[in-house]
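Here's a solo chain for you in structure tokens, the form predicted on its own.
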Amino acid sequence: MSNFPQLIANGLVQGLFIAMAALAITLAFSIARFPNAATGDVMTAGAYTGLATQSATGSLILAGIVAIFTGAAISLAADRLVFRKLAGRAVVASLVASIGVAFVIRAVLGVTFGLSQLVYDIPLTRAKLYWGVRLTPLDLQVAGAVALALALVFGILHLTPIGRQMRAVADDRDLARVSGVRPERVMLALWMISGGVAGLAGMMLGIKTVVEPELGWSMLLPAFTAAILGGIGSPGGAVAAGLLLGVVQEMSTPFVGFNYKLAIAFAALLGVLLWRPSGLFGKREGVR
């Protein structure tokens, strides 16, 4: 029991990465209307390009900017070359296409950077004790950067004209079109924001762990779980569910071990879906 505060703190840090990936997924689903399985590999691309930038310049800030632009550029290219051509078809067509895009990204990264594990050049620092919980300065810096990024995204969604247009399209695409909303502009903003979030999330995760071709793919299942738990299409719910999922996973480690903590998360997902199919923060919809 004495370790639980530490596990909760570790879970919140891990949950930040899940929350960012889930946010990217739920934004794409709410507007593009399909689950984008390439999100994980966009994260990996952000991690690799951020690492290359940091190695060349020594600046993590510049690395973060490059990671954001990399994720946005890859997402825009995938939309222009693949997803846009499948608009209007069955959801499964776009889902399968996004899986194909993910494999292409991973193959390109493997050829370009190799298959070995790489690490960011981060100075080692001693963990400090905060109210009985040990945290490193890196934990606090990463948490602060992710929190700032999330605040910026929600600020765009709720305080800017393009954000209001995105939410209008997510609520009712036909009504938004009749009201004068330009779908092309909304889709452009969607892929820039979701791709940028995924790219930055990948870089932050790479700083905390190691950078390898499977980095983002391993985060995809927890991210999809958080997006569903939060109510698919609900950005705030995705972030809250990502944090909750991170805590649940870490809290289960003493009981089931590291290798099986994801099974606990899926058990929680199953229980929530049986109790509330719309997710924890999703809206119930009636049918007439």
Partner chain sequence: MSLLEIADLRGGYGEVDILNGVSLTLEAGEIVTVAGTNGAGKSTLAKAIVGLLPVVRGVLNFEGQGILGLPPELRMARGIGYVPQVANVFPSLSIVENLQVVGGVANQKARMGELLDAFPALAQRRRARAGSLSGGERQQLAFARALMASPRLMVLDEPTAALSPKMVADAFERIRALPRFGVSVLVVEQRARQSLAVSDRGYILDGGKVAMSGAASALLSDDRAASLYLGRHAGR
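Values in this document were obtained by computation on a predicted structure and should not be read as measured data. Positions refer to the first chain, counted from 1.
Not pictured, yet referred to below: the form predicted in complex with the partner chain.
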item	value
Touches the partner chain in the predicted bound form: A176 (any heavy atom, 4.5 Å)	yes
The partner chain contact in the predicted bound form: A145, any heavy atom under 4.5 Å	no
Close approach of M192 to the partner chain in the predicted bound form, 4.5 Å, heavy atom	no
Distance check, A73 to the partner chain in the predicted bound form, heavy atom within 4.5 Å	no
The partner chain in the predicted bound form - contacting residues of 160-187, heavy atom within 4.5 Å	R164, Q165, R167, A168, D171, D172, D174, L175, A176, R177, V178, S179, G180, V181, R182, P183, E184
